[in-house]
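Shown next as structure tokens: one chain only, the form predicted alone.
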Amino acid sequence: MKDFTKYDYILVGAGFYCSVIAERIANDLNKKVLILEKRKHIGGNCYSEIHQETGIEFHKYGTHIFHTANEEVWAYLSRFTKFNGYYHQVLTVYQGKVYQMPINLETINAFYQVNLKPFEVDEFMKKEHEKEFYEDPKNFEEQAINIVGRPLYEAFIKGYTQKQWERDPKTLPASIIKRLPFRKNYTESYFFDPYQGIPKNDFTDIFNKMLDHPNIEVFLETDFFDVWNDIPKDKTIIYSGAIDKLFNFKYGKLEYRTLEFVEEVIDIEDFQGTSVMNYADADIPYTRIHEPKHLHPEREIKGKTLIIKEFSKESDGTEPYYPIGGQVNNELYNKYLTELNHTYPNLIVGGRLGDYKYYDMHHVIEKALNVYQTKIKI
């Protein structure tokens, strides 16, 4: 049995949410922290490692690009790394042809075989909206059609979405599509945020530095639920896992999507010319191909390249990635949250799984810093 009495705080999960809070507690409060991580490594889904055959560093759980408009978050993370200035561009394949994604003026002109200028886009799209527009979009499909019109939606969004979520887009909440930018010019950067890039030494190095403190200890390959009963009841626990599991799914399981990755080494230097290539056609089983060498243009890597095909599927609870959301799931989440507040007053829940929110990295870091200030430091 492990001795939990010597720690001031017990944190569950070694991703950004708990790692940020652990770093703040250790350095700012000079308190002792224990992190319990069920995987073999720190870093959560942001974990990166070196591929043995090619020497290419890759993100084990899908390409992660850091971006934010929050100066506080950027300043905080910059204490642990320097960024390489990488700006994310995504391309998509539809019926064997490559287009810019998100949809921009180049995509529109190539798809419709026109030569619009930026000031002509609104009038052009107005004609599409006259054919179909929803004053009060109630689902993903209606919201997407309002943004890009039916033809562009059918070509670039519908098939990809069906693969990503394995659901009819009419059954998905409208809020999901709001993450997708739409440009009337030739801007190719995926994100608008002024701060973005890949850590020069990649993500695992950030976590190594963040958790390198004598007040922080990490137990890997340790499932919180195997040791929960051994933790003193008065200990403050910060938990970044799925909230429904805390109650053994008594009200039902929250729905998540998960991802499966298939690696392939190819004996050429450059396979697709970009870090991420989407595949919009519904009959192509994978959603995208990652080629991680393009994340670090400052590194000179010759010879073979590594590509990683990404497949989306329903989560059985072992590796949840994306909260599906929607009214039924959100009502279920609120039931668990209400019971949590009554049953476990010393347990703080957060992160993408804990909050059941489709957070990006900067959202998680921002939430973690806020939780530290408002619930722990006070």
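Numbers for residues come from their place in the sequence shown, where the first is 1. The shown structure was predicted, so the numbers you read here are calculated from the model rather than taken from an experiment.
Missing here is the form predicted together with a small molecule; even so, the following discussion is about that form.
- Of the residues given (156, 140, 99, 224), 224 alone sits with a heavy atom within 4.5 Å of the small molecule in the predicted complex.
- Scanning 309, 335, 39, 32 against the small molecule in the predicted complex with a 4.5 Å heavy atom cut-off leaves one residue, 39.
- Residues placing heavy atoms within 4.5 Å of the small molecule in the predicted complex fall in a single listed stretch, namely 314 to 322, out of 336 to 344, 314 to 322, 22 to 30, 48 to 56.
- The small molecule is not shown here, and in the predicted complex it never comes within 4.5 Å of any heavy atom of residue 366.
- Taking the partner from elsewhere, residue 63 is found to have a heavy atom lying within 4.5 Å of the small molecule in the predicted complex.
- Using a 4.5 angstroms limit between non-hydrogen atoms, residue 241 touches the small molecule in the predicted complex.
- The shortest heavy atom separation between residue 259 and the small molecule in the predicted complex is within 4.5 Å.
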